[in-house]
Every structure is written in structure tokens, then in C-alpha cells.
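Heads up, the chain below is alone and in the form predicted on its own; it's given as C-alpha cells.
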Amino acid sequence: MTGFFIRRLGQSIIVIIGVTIIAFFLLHLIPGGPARALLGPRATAVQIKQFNIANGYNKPFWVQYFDYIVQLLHGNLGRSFKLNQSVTSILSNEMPKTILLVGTSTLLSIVIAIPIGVIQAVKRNKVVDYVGTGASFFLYAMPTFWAGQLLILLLAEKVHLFPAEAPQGSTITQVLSQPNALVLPILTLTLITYAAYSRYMRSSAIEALAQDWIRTAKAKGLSSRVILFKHMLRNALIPIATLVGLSIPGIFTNGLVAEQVFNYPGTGLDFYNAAVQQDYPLLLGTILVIALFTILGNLFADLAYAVLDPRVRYR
């Protein structure tokens, strides 16, 4: 298991280096360069030259990349043009709120999807299965912004159960102080994410139930509860473990949309505002951090896969 972990960790480090190269190239592919993006189209050649010298953009490309890596290793992701703050401080303040939103919704969707997927597999081609399949397809096809707006219309405007706007606050403590306002954004992401997980869980459980060792367990007279939870569930969870790791980019993307819809003060809302205002350092810093979470998610999926299926770690 240790060798398996070291191999996967080495591969993840290589991918992280590749992501830094791409992010660095993107910064230099901006039309007119970072100087033009910050100073505007009316900036003179002298102003642009002074900006490049002050920020090291006049150095050779490989020297700039080396300096960029050194800054990253020191936790420096650059400085926001528009907010006049370091990107690191912005993300360190906003990222916990985004993790609260997407982490809670992902956990809830998994907790709901696994038992429902198993029930659908056991009750295959019956009313329960048809209802669950229809609901999953409906939610899977629904855009995040549309789901959020429907929930606002139904639960905030019509019934007045929850606020239409997410909790406002500069810290995660202030956000948690308004739990009632967190319900709609978390519910939106939970419904969207649940749809994919439940479909995969149903398919995986159906495949596991058709295996020979399940028939052998039945022939031994084991109860349905023991067969489902001791023999089938662990094997059926293998694709879900992979899916969770691979779906992290999509989860963060849906979170970005939900934050914009509910005006949630997280990384996604900052990313949207940065895109509108052409604040490229904040955009690239956010992309780099989300890419890091994606790589860590894939590493987690590989390890979970190895834990659930011992054959994988020895290949």
C-alpha cells in the first residue's frame, strides 16, 4: 500500500507542475500582457515598460517561470489588480466558505444517493426504481442556475420558508451564524450532485448483485441484509469513490454558479467578479487552487479505490 501511495503521489506532483506551467502561460497569453490588462487601453508605452520592469515581466521567460515557482512555494499567488490585495489572502478568506458550501452539499448528496441507488437496484424495474430514475434524470438535466431560481421562487417567494439570499459575512463564523440562509444554496447543489451519484450507484449495485459470489452467498442462506451490506456494498462503492474524485471540478463549477445566484460570498463569486473585471491574477490563482483540489481529489479516489479493491494496489 505504501508503494502504491508513493507512486500516485509522484504522479500528482508531476500533474501539479504541469498545471503551474499552463497557468503561467495563460498569464502571458493575455492580449497586450498583464500591463495592458491593469493599466487599460490608454496606457502609454512608457507606462507599460515601467510596469513590466517593476513586476519582472521584462526578464527572460524561463527566469520569470522560475520566479513564479519560487513565489508559489512561498504561498504567493500574485496580487489582485482590482482589489489591491494578495490573491493568497483573498482565497484564504473566501475558500473556507466555498468548501463549506460544496463540501456539505457533496456529503449530503452521497449520503442520500447511496441508499437510494441500492434500493433502486434491489427494486429494479418496479415503481420505486421508475420514480427514482425519473427524478434523477430530471435533476441531472437541470442547470444549476435554473434549479437555484426555482428553489428561490418556491421556497423563498411563495412559501417564505428560507431567505432568497445566502448568508453574508466576511468570515465562515459569520456565515454559519445564519444557517437558515444556507439551506437554499446547499439544497441546490445537493440536488444537482445527487442525480449523478444515484445513477452510478444504481448501475454499480445492479452489476454487483449479478456476480457469482452474490449467488453463492444466497445459496449459503445468508440474509439479504448481510448480502447487501457486507458483500455487495463495498464492491458497488468502487465506481462512486472514483466518481467523487473526478467530479470535483464540476462540483466547484456548480458552486460558482450557485454562489452567483444566491450572492454567496465565496471563491466562486470572487471568480465571477474577477472575470467580469478582467482581474487576471485572481482568476489564475483561483484556477490553480481549484486544480490543486482536483488533483488531491483524484489522489483520494485512487487511494479509496485501492482500499475498497485490494487487487488494485498490487497491479
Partner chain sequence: MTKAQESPINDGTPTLADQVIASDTDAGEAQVSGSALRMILRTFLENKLAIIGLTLVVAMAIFCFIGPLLYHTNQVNTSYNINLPPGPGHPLGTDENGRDVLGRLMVGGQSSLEIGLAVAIIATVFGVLWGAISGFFGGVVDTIMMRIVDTFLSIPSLFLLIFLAAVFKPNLPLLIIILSFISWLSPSRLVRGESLSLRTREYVKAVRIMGGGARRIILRHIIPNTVGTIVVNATFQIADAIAILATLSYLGLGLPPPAASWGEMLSNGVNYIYDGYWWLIFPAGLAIVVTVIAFNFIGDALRDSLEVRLQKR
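Residue numbers count along the first chain shown, from 1. In this text, all values refer to a predicted model and were calculated from it rather than measured experimentally.
The same protein has a further form, the form predicted in complex with its partner chain, not shown here; the description that follows concerns it.
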query: Partner-contacting position among Leu222, Leu233, Ile152, Leu243 - heavy atom within 4.5 Å of its partner chain in the predicted complex; finding: Ile152
query: Residue contact check: Gln50 to its partner chain in the predicted complex, 4.5 Å heavy atom; finding: no
query: Interface membership of Leu9, its partner chain in the predicted complex, 4.5 Å heavy atom rule; finding: no
query: Contact test in the predicted complex: Glu207 vs its partner chain, heavy atoms, 4.5 Å; finding: no
query: Exercise: Arg79 in contact with its partner chain in the predicted complex, heavy atom 4.5 Å; finding: no
query: Which of 71-79, 131-139, 107-115, 210-218 sits within 4.5 Å of its partner chain in the predicted complex, heavy atom basis; finding: 131-139
query: Its partner chain in the predicted complex - contacting residues of 252-266, heavy atom within 4.5 Å; finding: Phe252, Thr253, Leu256, Val257, Gln260, Val261
